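A single chain comes next, written as structure tokens; it is the form predicted alone.
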Amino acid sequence: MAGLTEQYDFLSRRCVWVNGPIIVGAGPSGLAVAACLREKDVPFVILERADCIASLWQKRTYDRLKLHLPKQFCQLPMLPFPEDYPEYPSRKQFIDYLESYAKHFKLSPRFNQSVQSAKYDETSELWRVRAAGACAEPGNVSADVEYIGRWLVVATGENAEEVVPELEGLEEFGGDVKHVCDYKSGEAYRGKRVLVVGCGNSGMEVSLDLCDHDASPSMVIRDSVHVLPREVLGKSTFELAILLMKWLPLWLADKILLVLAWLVLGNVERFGLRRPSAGPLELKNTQGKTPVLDIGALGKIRSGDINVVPGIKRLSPGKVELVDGRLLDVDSIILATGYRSNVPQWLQGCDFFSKDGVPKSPFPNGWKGKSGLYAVGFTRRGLSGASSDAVRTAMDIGRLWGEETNVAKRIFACHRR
């Protein structure tokens, strides 16, 4: 990788000088900022804890997953999706796109580099990033590497670690329990009674997939949730929302979306899907809660193929007691309980991120911190937000890189004279 200089310190820890930014994470966010930096001829290094790019997509998503938004809102900077891709690309198509993106911009992450800590050294005014794991170069078995550089780009995203709730009696349950990140297909659950905990897009889609494989899913809905049609009269609901927000106040755009949802989906509250008091766009902007875009699960709820139940009180052998006192016989449990950032586990001495691992400054100001710190992919606005962060970050680092390079050239020219 250009821009790297390697040394060994007295403790035999391999030190790597990065002549440019250190990017943590080789998912869509990390790839996007690296591509933008490549176009500006700024050297960089990408550190990735897994052995592939976009490991969440490649290893921790279910087979039937498709992008929930039209492809034009999900493409990364400077390289659109192939024209023959459908409007909502499949999981495999999106992974193929990311692989071609990395190849097109000649991005070569250092794989199996799990960042243990990153801290800004006030004395040297440099970032020191310690990573564990075998290095990418053949024959190098160093288990602890320290990368040192002027800039740090946090691109691990909002979905780095799964959220697993505490369930009373889980040890006694006896059946199969897994997070949705380990779910692949409903084929393994054919004929089984499955409890899906969570009613977001993943919970809805997994429940639908279970129905398609002749399983009997019950879906736990503890809180209120907005369910919107994915399309209205052939037009993407997301695209329509963007158009409404461009011309109307947020509250009015929310009202229009909810009226359209009622016209297309009917009154969903009679099926146990209570709507929040705040509108879907308001909730997205203030709390980052994404509305569910229905792709068929609601029809299965109407028909009774998906059983909607309230929260869990406790588990017992082969059974689940609900908060309303009912007992369900259950063979397996799938936790569609979401993901969270892991930044607080490794970024040290920094108050830019909250305890939840997201920038404290709301969008659109959460991409840049102090002392050369940047955040890409934490906007709660999906891939389009990550792309926006990547472009801003690369422009800023490119400007600083250009200024410092010009100063160095002038100093060198004066020294030669």
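Residues carry their position along the shown sequence, with the first being 1. Note that the structure is predicted; figures quoted are calculated from it, not measured.
There is also a form predicted together with a small molecule; it is not shown, and the following applies to it.
Comment: the small molecule is not present in this chain, but in the predicted complex one of R326, R190, R222, R274 has a heavy atom within 4.5 Å of it, namely R222. Distance criterion of 4.5 Å from any heavy atom to the small molecule in the predicted complex singles out G338 from the list P229, G338, P77, G133.
Comment: 59-67 is the region of 348-356, 34-42, 59-67, 365-373 lying near the small molecule in the predicted complex, near meaning a non-hydrogen atom within 4.5 Å. Mapping the unseen interface onto this chain, N307 falls outside it, with no heavy atom inside 4.5 Å of the small molecule in the predicted complex. Interface membership of R128, defined by any non-hydrogen atom within 4.5 Å of the small molecule in the predicted complex, is ruled out.
Among residues of the shown chain, K300 is not one whose heavy atoms approach the small molecule to within 4.5 Å in the predicted complex.
With a 4.5 Å cutoff on heavy atoms, G279 does not count as touching the small molecule in the predicted complex; it lies far away. The candidate site formed by P165, S202 and K289 is fully in contact with the small molecule in the predicted complex, as each residue has a non-hydrogen atom within 4.5 angstroms of it.
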